[in-house]
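A single chain comes next, written as structure tokens; it is the form predicted alone.
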Amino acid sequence: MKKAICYINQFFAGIGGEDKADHAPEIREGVVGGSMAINAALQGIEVTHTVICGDNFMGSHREDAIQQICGMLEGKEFDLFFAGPAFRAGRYGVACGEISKVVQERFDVPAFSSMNDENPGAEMFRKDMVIFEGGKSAAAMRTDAQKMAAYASRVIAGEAVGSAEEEGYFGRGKRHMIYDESLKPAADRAVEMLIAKLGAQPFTTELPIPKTDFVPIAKPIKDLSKATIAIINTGGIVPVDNPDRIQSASATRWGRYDISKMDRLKGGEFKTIHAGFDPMMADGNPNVILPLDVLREMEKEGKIGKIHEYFYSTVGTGTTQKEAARMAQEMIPPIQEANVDGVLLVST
């Protein structure tokens, strides 16, 4: 019987939500919380230990967290490592990728995870490990865990596995030489693809070129002392009644709010609705997220020509790239109409 170790965060271990996100790393024998679904789907493999770490702890103390976890794994016998599934939880996905990459290198065992395509961890670590394309939320836990477990069981058993597209994980940019007697000679396949392309017929290339989304670097502001600067924040700073009903996570809405007669944001008038951190400090002093107080001082000192009359707000945690791009396109027209020279994007 082969052995596996799983990594999960504090939420899926049943310890708590954001209030427990600073939970320090620990290791427990057997299955805990989310690791139960993986263990149940494995064939010829048993989960012997579960590593638990708070998302904030991993994000804020990365080196310390990795060192502690690796110390816990020293002396443990295990043949593979699982992390997640992480769904669209960005910090969790990044944490899964961080620890999996190190465990693979240090302990020479394969690591597997599952993340939604909108999880930043998928893009960051897809070339370093096998990451299956997962669901949006924990509702997909069983399905995502089964995909990971089924593939890992075949790998550890030495069985043949297919391509990333066939197996359902993110492509890693790696190509392997295989011999398949069922295929036509390469020359014939190439000619057939060329004919299909010339005839505007569908075909599938055998050498896909990765698509890269390049964002051009903006030109520098020539004279900041004469520039109008707008503020956009993804830290969820809104009037206390949240008039635009912006969601606390996975946002699809945004708002803009008049600050033309304000030198600073006041607690009790503004607050954060962001679900990804403890709101106490930001509710007491919203300027720690959206630094209007400091920007007004720079404006008075002549370092900035003018602060735009409105600030723009949404929430970043769990928000998909598609929704973020749409909201940005909606914010652009009023900013352009105000002849804004630059935008300061502030977050948490």
Partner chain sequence: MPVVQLANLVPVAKTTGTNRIVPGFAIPYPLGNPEMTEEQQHQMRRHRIEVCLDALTTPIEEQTVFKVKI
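Under this definition, the rigid core comprises the largest set of C-alpha atoms superposing within 1.5 Å between the forms. Residue numbers count along the first chain shown, from 1. Since we're looking at a predicted model, the values are computed, not measured.
Keep in mind that the form predicted in complex with the partner chain is missing from the display, and what follows is about it.
Just one of D278, E269, E159, E105 has a heavy atom within 4.5 Å of the partner chain in the model of the complex. Which one? Residue within 4.5 Å of the partner: D278.
Using heavy atoms only and a 4.5 Å cut-off, determine which of I69, V47, A282, V32 is in contact with the partner chain in the model of the complex. Among I69, V47, A282, V32, a heavy atom within 4.5 Å of the partner chain in the model of the complex occurs only for A282.
With the cut-off set at 4.5 Å between non-hydrogen atoms, does A40 touch the partner chain in the model of the complex? Result no; A40 lies far from the partner chain in the model of the complex.
Would Q336 show up as a contact with the partner chain in the model of the complex if we use heavy atoms at 4.5 Å? Q336: contacts the partner chain in the model of the complex.
Does any heavy atom of K303 come within 4.5 Å of a heavy atom of the partner chain in the model of the complex? Because a heavy atom of K303 falls inside 4.5 Å of the partner chain in the model of the complex, the answer is yes.
Heavy atoms within 4.5 Å of the partner chain in the model of the complex: does I307 have any? No, I307 stays farther than 4.5 Å from the partner chain in the model of the complex.
Out of the stretches listed (80 to 88, 134 to 142, 109 to 117, 220 to 228), which one is close to the partner chain in the model of the complex, meaning heavy atoms within 4.5 Å? Only one stretch qualifies here: 220 to 228.
Would you give me the residues of 107 to 141 that have any heavy atom within 4.5 Å of the partner chain in the model of the complex, in order from first to last? Stretch hits: zero.
Honestly, after the rigid core fit, is S225 moving at least 2 Å at Cα between the shown form and the other one? After core superposition, the C-alpha of S225 moves 2 Å or more between the shown form and the other one.
Kindly check if the Cα atom of E159 is displaced 2 angstroms or more between the shown form and the other one relative to the superposed rigid core. No, the C-alpha position differs by under 2 Å between the shown form and the other one.
G134: after superposing the rigid core, is there a C-alpha shift of 2 Å or more between the shown form and the other one? Where the cores coincide, G134 shows only a C-alpha shift between the shown form and the other one that is less than 2 Å.
Thinking of the 3 angstroms or more shift, are the C-alphas of K322 and S100 brought closer or pushed farther apart in the model of the complex than in this view? K322 and S100 sit closer together in the model of the complex.
Would you mind telling me if F277 and Q68 are closer or farther apart in the model of the complex than in the shown form, C-alpha to C-alpha, with a 3 Å or larger change? The answer is farther, because the C-alphas of F277 and Q68 separate from each other in the model of the complex by 3 Å or more.
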